[in-house]
Structures are given as C-alpha cells and as structure tokens.
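Below you'll find only one chain, the form predicted on its own, shown as structure tokens.
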Amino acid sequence: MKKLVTLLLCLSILLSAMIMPAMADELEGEIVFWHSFSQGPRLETIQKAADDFMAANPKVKITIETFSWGDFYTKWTTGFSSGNLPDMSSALPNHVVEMIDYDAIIPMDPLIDEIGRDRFNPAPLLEMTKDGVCYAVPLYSHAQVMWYRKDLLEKYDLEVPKTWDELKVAADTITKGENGEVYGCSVPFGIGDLMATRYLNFYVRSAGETLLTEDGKANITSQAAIDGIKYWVQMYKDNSPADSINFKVLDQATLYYQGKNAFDFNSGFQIGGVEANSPQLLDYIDCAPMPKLTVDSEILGNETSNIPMVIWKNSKNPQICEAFIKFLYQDDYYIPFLHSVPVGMLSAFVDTASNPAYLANEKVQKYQHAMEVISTTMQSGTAIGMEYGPKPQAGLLTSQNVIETMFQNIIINNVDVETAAQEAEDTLNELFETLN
C-alpha cells in the first residue's frame, strides 16, 4: 500500500511538472484594439477573429473600438497626452512615423521574424523602419491608380489616357457630351481631408519631384508644383461639380460609385463601392496606371498605402497583442479579411497571390487586370512625403489641410496661384520647424 501511495505521489509530481509550463504559457488579461475598418464586412471579419481568439483563450478579453481615420488621428494624439491609449491599433503610415517620434510604440522585429520575414513584401517593412528597427507589421496594401468607365470611352471613341493632357481632353469631351449627367473628372478640395494634397502629389510625382524634399522641406513652389496646381484648378472649373470644392474622400468616391464621374483616382476599393451603388456598371469599370507628363516619360511610383498594425508601449499585455496578430494572419481569418474588400486590400504576404483559397474569389478573378495594375504600382510607390524614408513632416503635410486651404483660396478668394503656393509652402515649413 505504501509503495502504491509513493507511486501515486510521484505520478502527481510528474504530472504537475508537465502541466505547469502549459499553465505558465496560458494567455490571461485584457487588451483594447482600436481600428478604422468601420465598413460591415471588414468589421465583421476582425470581430470574428477576436471572438474565436477569445474562445480559444478563455482568460483573454479583447475590446474593439472603431474610429474613422480622421477621428483616430485626433484620438491617439490627444490620448498620448492623457494616457488614454489602446494596447494595439491599426494606423496609417504617416501616423507610424509620428508614433515612433513620440516613442509610443514597440519594435515589431521579433514578431515579424516569428511570422516569417521573407513572407512579407519588403517595401512596407522598409517604410516602417527607422534606424534599422521596424515598428509596425503590415496588414494590407493598396495603391492609387486611375479608374475609368470603359463604356464612356467607347461612346466617345476615346483611348485610355496615358498623359495628363490626354486626360484633360477626355474629361472635357465626356463632360460636354453628357451634359451634366456625368462629370469628366471631379476634383476634391474639401477641408478636413487630404484629397487636394493627394491630387497635387499625383502630378508632382509624375514630374519626378516630391511634395516633401529630401531635407524635409515643403516643395509647393517648384515649376512642377505650380503646373500641377494650375492643372487641377482648371480641371475643377471644367469638369467638376461645384460642390467638389468641399468634397472629402467619401464624397469623391461616391460620385464614381454612382456612375457620375468618368475618371477617378483611388484604389481597388472602387469595385466594392460600385457594386453597392451601381452594380449595373461593374462590367464597365477598370483602372490604368497614373497619367504621365508625356507619353515617353518614365513611369514613376506614386502613392502606395501600406496599412499596418502597431502595439503601444503602454500596453500591459503586449504578448496577447502579438498572439492575436499571429492568429489574425491565419488563412482562415486573413483571407476572408482580404476578401471583404476584394482587390481593394492586397495582401501583405508575397505568397498570398498564389494561394488557391485567395484566388478562388469571384471578384479577384473578374478584376485580374485591375489587380495587376495596382500590384505593379504598389511595388514602386510610397506614402505621400515618405519617398526619402520615414519623416514626421509627412504627417503634417497630409493632416493640416494647408494645401486644401491653398486651393480654396485660389478658387473662392481669387488668390493668384504663385502667391497662394508661396503662402502654403511658408506655412508648411513653419509647421515643420515645430518638430525640431
């Protein structure tokens, strides 16, 4: 009997020793996750991943809060001062630069290596790296390209424009021909968004220049920038609804979704928008690379957005954040997330493009050409102002509405282009000085 008790005791100790490490590794705690994926399918796929993660880890609680990108910027910048920050969040590339400057987020290299560094497209990782340290993990990417209506080009015997001059001619032709039913090329100048900055950047980049110079100064008065300002002012006057002086990103996109704009600049998100608003037009939309200055000009990278996730330094449970990110990247969750906006959100992983589960999506198959155009553009572009690497000035360039105000002054207040451009450049450079 004594031997049996001794044996049972030994077995108990052995089992305890085997169980203890597993218990030590068990995740326990709460995290708050802020993200800006507020549209239905994206929101739902993220929530399902969180629900399943909590089911697999019953001692973990994930609270998800959603904010528009504009509200998110205000939320985290004010939250940094008050200490009201999440454990993890999505971000925009320019946000990440500021977060690094604030020393607000943790390095992500160990997590990236664990997931598999060679799986990631290299460009997004470089964009989020400072002094050899990567501070964010890319979730998806997209790029700005030129969207057009194939039926309208055919109706007016027009080719897909390859230059800005060709685009102006095509837009003028369609605006006049459609007699106010469809605009040739709406131009958005609304305060409170970055759309006017984005459009000016399109033109300036096609000239081989940047809105932010290598030494971190504003470039609004170069000949390319002046030409770009004049181009978009004239395009607005000839081919836009008057209300587009106040258009923000959704106002502008909706015009194309509803079939009222022949040319637009956006990512593959256009497909889902057209499907929801004007499904009868789905066979007539496609995209092309950004126009160039001349037909023989080199095709230059334009605006690419690599949307990442970050883990905040104040988090008490960064290990839960890391585990949830790895969980979210599993095919069962990541591919449905990408499919929630097919072609709009392209994978952060190189290998997804050959994944049969990803390629099985009907829209991925239908818009293969558009996906190829966006993918090619994506490889050579950067976020606005990040052409020379991560710069905190890039965040101010796109968030302070200086260029939007400049365009409104030109159009509403009749300020001449050169004067308005100089005032905008001076204002931006003054803002940049506050970073020193």
Partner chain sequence: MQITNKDLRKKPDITGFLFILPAVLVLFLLLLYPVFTSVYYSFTSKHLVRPSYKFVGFDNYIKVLSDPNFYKAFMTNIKWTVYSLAGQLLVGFTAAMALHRIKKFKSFLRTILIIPWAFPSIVIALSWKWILNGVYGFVPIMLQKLGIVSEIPQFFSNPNLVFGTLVFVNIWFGSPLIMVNILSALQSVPEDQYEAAQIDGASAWQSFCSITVPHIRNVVGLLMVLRTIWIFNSFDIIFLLTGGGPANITTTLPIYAYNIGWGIKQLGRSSAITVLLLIFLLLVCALYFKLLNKWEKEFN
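Remember, predicted model here, so these are calculated numbers, not experimental data. Numbering follows the first chain given and starts at 1.
This next part talks about the form predicted together with its partner chain, which is not shown.
- Interface residue remark: Asp243 is counted as part of the site for its partner chain in the model of the complex, having a heavy atom within 4.5 Å.
- Taking the partner from elsewhere, Lys326 is found to have every heavy atom lying beyond 4.5 Å of its partner chain in the model of the complex.
- In the model of the complex, its partner chain sits within 4.5 Å of a heavy atom belonging to Phe80.
- Taking non-hydrogen atoms only, Gln400 approaches its partner chain to within 4.5 angstroms in the model of the complex.
- Here is the short version: of Gln379, Asn409, Ser68, Gln47, the single residue with a heavy atom within 4.5 Å of its partner chain in the model of the complex is Asn409.
- Screening Glu127, Glu98, Asp264, Asp193 for any heavy atom within 4.5 Å of its partner chain in the model of the complex leaves a single hit, Glu98.
- Judged against its partner chain in the model of the complex with a 4.5 angstroms heavy atom cut-off, the residues Phe72, Asn361 and Ala383 are out of contact without exception.
- Between 401 to 409, 367 to 375, 56 to 64, 30 to 38, the stretch whose residues reach within 4.5 angstroms of its partner chain in the model of the complex through a non-hydrogen atom is 401 to 409.
- Residues of 129 to 153 are not found to place any heavy atom within 4.5 Å of its partner chain in the model of the complex.
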